[in-house]
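Encoded as C-alpha cells, the following chain is the form predicted on its own, with no partner shown.
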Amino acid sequence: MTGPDSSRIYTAALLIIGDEILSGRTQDANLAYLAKWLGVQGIRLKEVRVVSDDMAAIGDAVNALRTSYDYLFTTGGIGPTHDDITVDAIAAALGVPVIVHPDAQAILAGYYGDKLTDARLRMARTPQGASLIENPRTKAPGIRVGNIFIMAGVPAITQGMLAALDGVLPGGAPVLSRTIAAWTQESTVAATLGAVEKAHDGVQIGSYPFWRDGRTGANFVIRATDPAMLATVASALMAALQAIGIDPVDGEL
C-alpha cells in the first residue's frame, strides 16, 4: 500500500450490474464479501446501486459513483455473451474506445489454446488505457481503469480478484495475511470458516480451493491489520478444523 493519507477516510461504492439481480432470479452474494474486504483494507463502503444491463443506466451510474468516491467496484456483465456489455458501457462513459487488451488475449490463449473462440475472446476486451486484475479461478482477468475496478458477477471469481488487490489500494493500515491449508472440500469447512470469522471482528477469511494429483484441497487466507489478531485467528482456525477431523497445515499447500 502506497502512502495513504491517514487524516481522511477513503471511500468506495459498489455497482451491481445485471437484469438477473433485479428480476430476483439471482441473489447477489458479492455485497457482503466486498464490504468486509474493504473494511479490512481500511476503506469504507458508502453506497451500493443495482442497475440493469442497459448502456445508459450503467454509464450514468459509473460517472456518478466514480466521481463521488475514491474507488468504484462493479460486478457483473464481463462474460463471453452478447449481453455482457459492462466494458462497452464503462468505456462509453469514460469517452474511450474498447480494445482487445494484448495481455488479456495472451492469458486467454494460454488457458484455452485452440478452444479460444470469438465469444471467449470477448473477455479480453477492456476500455483503452486499462490494466488487468488477476483471476486465479478461470483466468479471464478483471479490469482496472482509473479508480474503477470491473469484476465478475460470480462470487468465487470476484473473491479471487479481490485477493489479488490485497494491500494494494491506499486507504488505511497495511493488510497482513496468513494462510492455513488443508486437504478438504470447501463445502466441508464452509460453516467452520464462517463461525471463526464471525467470532473475530476486523478479520476476513477467504477460501481458495485447488485440485492437484487427483486430490481436493483449499488454502484459507486470513486477512487483518493487527498481527496479534492474525495469530489468534490462525490458531482458532486450526483448532476448529482439527475439531471436525481435518488436519490443517500452517502455510500454503
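Definition used throughout: the rigid core is the maximal C-alpha set that superposes within 1.5 Å between two forms. Computed from a predicted structure; not experimentally measured. The first residue of the shown sequence is 1; numbering continues from there.
Missing here is the form predicted together with another copy of the chain; even so, the following discussion is about that form.
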query: Among 132 to 140, 86 to 94, 163 to 171, 99 to 107, which stretch sits within 4.5 Å of another copy of the chain in the predicted bound form, heavy atoms only?
result: 132 to 140
query: Is there any non-hydrogen atom of D250 lying within 4.5 Å of another copy of the chain in the predicted bound form?
result: no
Contact of N219 with another copy of the chain in the predicted bound form (heavy atom, 4.5 Å): yes
message: Within 4.5 Å, heavy atoms only: does Y112 come near another copy of the chain in the predicted bound form?
response: yes
- prompt: Do A240 and another copy of the chain share at least one heavy atom pair within 4.5 Å in the predicted bound form?
  reply: no
- prompt: Only one of A231, I9, I244, L22 has a non-hydrogen atom within 4.5 angstroms of another copy of the chain in the predicted bound form; which is it?
  reply: L22
query: Is every one of K36, K46 and R120 in contact with another copy of the chain in the predicted bound form, taking contact as a heavy atom within 4.5 Å?
result: yes
message: Could you check, with the core superposed, whether the Cα atom of L237 shifts 2 Å or more between this form and the one not shown?
response: yes
- prompt: Rigid core fitted, then: does I180 show a CA shift of 2 angstroms or greater between this form and the one not shown?
  reply: yes
- prompt: With both forms fit on the core, is the shift of the CA atom of Q204 between this form and the one not shown 2 Å or larger?
  reply: yes
field: Note on F220-A29 C-alpha separation in the predicted bound form, which departs from the shown form by 3 angstroms or more
entry: farther
message: Closer or farther: the C-alpha atoms of K46 and I205 in the predicted bound form, versus the form shown, with a change of 3 angstroms or more?
response: closer
